[in-house]
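Single chain ahead, by itself, as structure tokens, in the form predicted alone.
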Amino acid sequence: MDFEMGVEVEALRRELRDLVAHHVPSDYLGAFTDDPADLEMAQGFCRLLADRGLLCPAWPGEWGGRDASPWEQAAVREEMWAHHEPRGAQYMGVNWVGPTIMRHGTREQQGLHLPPIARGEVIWCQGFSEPNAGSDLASLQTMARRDGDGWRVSGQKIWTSYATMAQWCFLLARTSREERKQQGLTIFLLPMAAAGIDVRPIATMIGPHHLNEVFFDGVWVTDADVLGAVGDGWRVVQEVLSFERVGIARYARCERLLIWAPAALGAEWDDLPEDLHGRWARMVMHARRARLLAYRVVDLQSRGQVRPGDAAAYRIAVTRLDQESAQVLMDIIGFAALGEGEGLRFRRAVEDHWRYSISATVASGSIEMQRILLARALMAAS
């Protein structure tokens, strides 16, 4: 098997790294910090990528892409995540909201939503999880009731990233009660400026803007806001989750931090305990294993296949990698004096990675649910 992506992809990586080096501060740790300048920088960087055709290169040209290969899009995803995602929240619109609207939206929905995503001008949030329906998403209770030529949405969502700044919400709500809880669910493309929406931030150690409660009190949406068919939301969401889970290239950040460690520690690297060197080497290997699992899903999606079992296998590997590599890296910085310069930047990056890793096996579907999905896929194939 040839793991090389070709000269075009390698040239793209060099271009992206050069843009990051020239436009992203060396101590940047993400857009959603206490410093508003970080978000402003990310929004500006998004527009820069869009102007160069690099924000969503694999999209069709008619929707702001340049018909590039999915491997070029994978390279963009990897380089962005390796450098603490200087696109901010745009990965959501680029990786799965946009492609889902392409596959299931009307021409009017495509014309309304796809160009602003491609230009890096709009932020989306995801209205899925609820207080009593997190990993068991099909048990959600947020209700959309028919009201004339539209719908009234009432209920609550939780853990909604970016809800304080998003202009649109990709909302899953119940439109009827059926024998199976997976039935009667519908997707709405909901403007966050609509009357009746109340967003309440949830304080966490990963900083502002990430997690929120969102309350819907009779929010009005029209039939034009329904994505796909009424009652067919569950089928579409299965595709969404497959795109979402491979769209976050956590392995790229893990590998960059691991490879950075010897240079950041300098002469102190050789003084680390032998078993810690061994754990570090295993994590490098596990990062590359997760990368190959991601490439398997990218290859399937490039051929029009969406298989939840393959996405689940990747998700299991990458979330475990996230947490295990974070612990190894924290142990490494515990043995070194990293008080200034590159050493200080490395320590801050590792600590940031560790904070995010805590929720890795719960976010976007718990690891237990991923194991169930994988087990079902294996049983169906046997």
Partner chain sequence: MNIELSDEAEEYGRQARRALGSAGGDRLAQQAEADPHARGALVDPVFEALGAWELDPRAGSEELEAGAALCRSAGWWALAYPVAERLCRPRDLDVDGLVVIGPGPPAAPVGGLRMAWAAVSLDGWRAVCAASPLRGPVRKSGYVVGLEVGSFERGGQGDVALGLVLPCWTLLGMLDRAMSLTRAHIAAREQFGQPLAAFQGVQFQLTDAEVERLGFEALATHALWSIEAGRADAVDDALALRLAAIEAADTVFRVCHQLHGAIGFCDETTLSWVSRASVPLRRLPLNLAGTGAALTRRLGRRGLSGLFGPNDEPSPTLPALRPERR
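Nothing here was measured: the structure is a model prediction, and the numbers come from that model. Positions refer to the first chain, counted from 1. Between two forms, the rigid core is the largest collection of C-alphas that superpose within 1.5 Å.
FYI, the form predicted together with its partner chain isn't displayed, but the following is about it.
Using a 4.5 angstroms heavy atom cutoff to its partner chain in the predicted complex, none of Arg47, Ala68 and Ala193 count as contacting. Only one of Arg103, Arg146, Arg282, Arg235 lies close to its partner chain in the predicted complex, with a heavy atom inside 4.5 Å, and it is Arg282. In plain terms, the part of the chain that comes close to its partner chain in the predicted complex, with a heavy atom within 4.5 Å, is 74-82 out of 106-114, 74-82, 163-171, 224-232.
For the chain shown alone, Met379 is a contact residue for its partner chain in the predicted complex, at least one non-hydrogen atom being within 4.5 angstroms. In the predicted complex, its partner chain sits within 4.5 Å of a heavy atom belonging to Arg303. Interface membership of Glu368, defined by any non-hydrogen atom within 4.5 Å of its partner chain in the predicted complex, is confirmed.
Using a 4.5 angstroms threshold between heavy atoms, Glu255 counts as touching its partner chain in the predicted complex. Taking its partner chain as positioned in the predicted complex, the residues of 311-338 that bring a heavy atom within 4.5 Å of it are, in sequence order, Ala313, Ile316, Ala317, Arg320. For Arg145, the Cα coordinates differ by under 2 angstroms between the shown form and the other one after the core has been superposed. Comparing the forms between the shown form and the other one on their rigid core, the Cα displacement of Leu16 stays under 2 Å. Shown in the overlay between the shown form and the other one, fitted on the rigid core, is a CA shift at Val226 smaller than 2 Å.
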